[in-house]
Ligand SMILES: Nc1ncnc2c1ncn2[C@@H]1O[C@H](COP(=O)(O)OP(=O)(O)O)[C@@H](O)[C@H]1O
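Only one chain comes next, encoded as structure tokens, the form predicted on its own.
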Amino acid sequence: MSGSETSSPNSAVRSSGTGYAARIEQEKGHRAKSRSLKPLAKLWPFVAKYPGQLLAFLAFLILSAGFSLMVPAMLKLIVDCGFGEDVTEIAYCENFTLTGTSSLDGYFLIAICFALLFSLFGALRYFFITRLGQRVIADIRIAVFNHLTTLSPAYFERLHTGEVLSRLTTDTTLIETVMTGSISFALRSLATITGSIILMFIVSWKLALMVLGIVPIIVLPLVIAGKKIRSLSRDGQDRLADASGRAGEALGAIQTVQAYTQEPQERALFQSSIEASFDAHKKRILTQGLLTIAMFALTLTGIIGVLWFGARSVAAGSMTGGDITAFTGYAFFAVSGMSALTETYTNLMRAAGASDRIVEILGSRSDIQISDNASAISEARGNIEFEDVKFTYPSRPDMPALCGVTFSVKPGETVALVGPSGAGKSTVFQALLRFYDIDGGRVKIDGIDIRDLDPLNLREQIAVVQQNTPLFSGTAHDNIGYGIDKPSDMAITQAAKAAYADAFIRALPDGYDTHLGERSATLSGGQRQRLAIARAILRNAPILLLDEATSALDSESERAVQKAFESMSEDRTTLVIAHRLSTVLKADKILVFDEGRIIESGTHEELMDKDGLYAHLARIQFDQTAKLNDVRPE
């Protein structure tokens, strides 16, 4: 089946890095969150590969958290023992008496040393977790992409390529954010919060209970308003995405827009989308402003209340000024850590959902099963046999694509497959390449059932030119040499000449080294097709599959390339799908397909004598060509 005959998988689009980044940011907020953190544990095998970096991170995490908790203790020491002339009233200061010109200076020097060590350990904690996170994410992305390349096309019928790419980019970016930041921050916050609460109770259990009592009052508005803010932020992103999409369509088809004088309408639509995004962001800003007022008011009121009670305790002699200073530091660590953990928890839940989707891909298995005892062909002779082959695409279980197809092709023969769209022609190619396993019958090459061959070895015996062969960003040299390990410049040039592509390639600014842009969009359809043909010629495989290979060529180029194909086909087995019957007149045999069956076979002359479907299609095409020639001006 050619062209629109199959619901073939979407081809991956190599977009610019800017475009990918914009889509990643847009999609991150839309990724569903998990209901638990358990899916994150599925990533452990990737982390466990680097025990040294993990242990280093944990060690510096503990040191960083420990030294942060020592900062309030140092402030307590300075306040209680460093100020004033008579500090002997505070018993523990006798154990920290410093000799020298100024004990106060000594205490501050010690505090500076602690600050430097705290900074060093914090930096090392960040370094090791960030390095570990980047290494793990790189491994995950490589593992996912490598696994995707092993899956059969049937997988991409069930899951669209766009969703697969979203998982490869957006989901791994979410996990990256957690691995390099959220997990480290969460563990450090938990350690600091736990230590702060314990030390708060040691300093003053009464003040500690007061602080714990006001924490829910501070955190609850944050949780409630946070959901509203996220909803408004997502709404703003959606409106901005609408505007970006509309702008992209208009600018991508600017000639059509201007030809139909639709510039004012497009400007109005874009402005409407931008204003809608602005309105959504206004609501978010207002909500965030009200939340900020509430948070500051509640937090400061609570802190002032605790300090007021503490000041009275100092006046009563049950606490020292250093106790209040240290307690305030511990309370700040505890409260700020708790409020920040709510946002961190949201990121962790979203990353858990992303982990589930990543692991789902890694757990997928190809529909093409490879035998442990798979055979291999060093170089096929090119004998092809289809024996009562039946096949239905997984995405269309009620529409059989092949219904008991039987034919054979001898080595060196050229066989044409013709028939209306949707008749099953391209499905023959799909089955021969083993992109799908057939439902019944057998497909054999040189007498070997292809299910007994390694798919990689099977496909090495075949060169393919498709109707719309995908090319890639890169140079002309890269695209022709695609599929060949380090081809020589001479071989590339010879293949291009055989495909009648050498002349236009040399006319490019940098010749064979000219970068052709995304999907080689700078070339015409005929030029891209000739590059694809040159690629197939360079592959030099014993079996050649041509799916409307000359459809994008003008008449002169088609005649030239047709000569190249005839030369190539002399010592190769060639299967040709063609709608233009003039290209298959010299075929050794023509197979006429209709509704998944072969209804006629023979040479052109034999099929014309049968006066069946082929003769009907041929008369229509040749009569149209004759009429065009009759009306063509001399």
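Each residue number is its position in the shown sequence, starting from 1. Because the structure is predicted, anything quoted here is derived from the model rather than measured.
Form predicted together with the ligand: not shown, discussed below.
In the predicted bound form, the ligand sits within 4.5 Å of a heavy atom belonging to S395. When contacts are judged by a 4.5 Å heavy atom cut-off, P420 counts as touching the ligand in the predicted bound form. With a 4.5 Å cutoff on heavy atoms, K425 counts as touching the ligand in the predicted bound form. Within this chain, A401 lines the site of the ligand in the predicted bound form, having a heavy atom no more than 4.5 Å away. With the partner removed from view, the residue among D454, D446, E387, E157 that has a non-hydrogen atom within 4.5 Å of the ligand in the predicted bound form turns out to be E157. With the partner removed from view, the residue among Y436, Y500, F128, F333 that has a non-hydrogen atom within 4.5 Å of the ligand in the predicted bound form turns out to be Y436. With the ligand omitted here, the record of contacts in the predicted bound form names 426-434 of 477-485, 504-512, 262-270, 426-434, defined by a heavy atom within 4.5 Å.
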